[in-house]
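The chain that follows stands alone, in the form predicted alone, written as structure tokens.
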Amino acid sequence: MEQKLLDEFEKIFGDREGARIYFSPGRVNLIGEHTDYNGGHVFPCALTIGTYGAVRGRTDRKLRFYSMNFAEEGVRECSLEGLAPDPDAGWTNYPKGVMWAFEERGMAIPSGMDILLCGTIPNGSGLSSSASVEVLTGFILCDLFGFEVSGPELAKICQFSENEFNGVNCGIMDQFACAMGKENHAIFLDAASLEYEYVPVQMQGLKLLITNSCKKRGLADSKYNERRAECERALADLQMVIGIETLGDLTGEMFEQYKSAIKDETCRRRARHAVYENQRTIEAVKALRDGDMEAFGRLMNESHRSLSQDYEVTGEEMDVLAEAAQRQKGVLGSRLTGAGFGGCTVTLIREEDIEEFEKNVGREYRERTGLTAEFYSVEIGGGPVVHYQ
């Protein structure tokens, strides 16, 4: 990959002298969806697929961006001066947002850069290509200019950039998982306190299989913000009758006791998902530690049902994929991963059954939706690294 990036960098920017190569992972969330911004727990892991960047500092204030995934767009240019979101700037708003966020935190970027990216995450798949790019950018800034930023702080800066620069009211999970990944471990993260621990993932002949719906996720950002607002209204109603700071403070029993305080029925269902999904995540981590992968899989299935019925973020395509997967031989559990309205499912499956799974699920999905799914067997990887300097 290093040679491929350097060759392309030389082709696009004239020469490769001084270019460094970096990598930041994508992520998949094993369980705990839409809980991070509700003060609950999440359980993601970084992947060995992600975003590579070939970068060289400049002596002026110019920024030049090029993506091998969007080669038809050519080189996009702007200045470090007056960084602001631009609807016509496309994907470059993500690295620009991180640069803006660093400067907002008092870390002035002294000079511009030539930046070439190559992502191995399928675009729009829900495996956090945007967070991967954000964390990559922050990691590059720290390496090139000597900023001292911890992994958790880098995640917070990248979340801030997506919230304030790009207008997506996301929680911390995606950026944290990309910044803090550890090989063969998932991250049990309390999104309210940012306390976390690494939990070994012993697969015992199982694999994580990602199924990409290949459905364009056009509604994801707007509906994401809508769901967050609905949860905030539910929380405000609950706070009239019980002293809590987040929905994640509630157990299932407490929710059942006080749920009638939530005036709007839709908001009540959104809150029910947030509360019970948080409890499922805690139970799933215990099951993993106990080596009870069957229980882990059942909780994945329950998570998808809740995302479909209470949170309503799955849609027909994701429901078809999850339900078809859950019927297949060797499958312990399957669920939507990511914000929803397209994207991917993650399936826990016995390795010897993957080929039959792909054939059966692929056929049923094509027959029922007219779309062709893509399948990726993934490995759990580490955080951002310098690949070449």
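Every value quoted in this text rests on a predicted model; they were computed, and no experiment measured them. Each residue number is its position in the shown sequence, starting from 1.
This next part talks about the form predicted together with a small molecule, which is not shown.
For the residues A192, I172, M293, L235, the 4.5 Å heavy atom test against the small molecule in the predicted complex is passed only by I172.
This chain is drawn without the small molecule; in the predicted complex, the residue among Y224, F188, W100, F255 with a heavy atom within 4.5 Å of it is Y224. Note on the interface: of 43-51, 335-343, 61-69, 350-358, the segment with non-hydrogen atoms within 4.5 angstroms of the small molecule in the predicted complex is 335-343.
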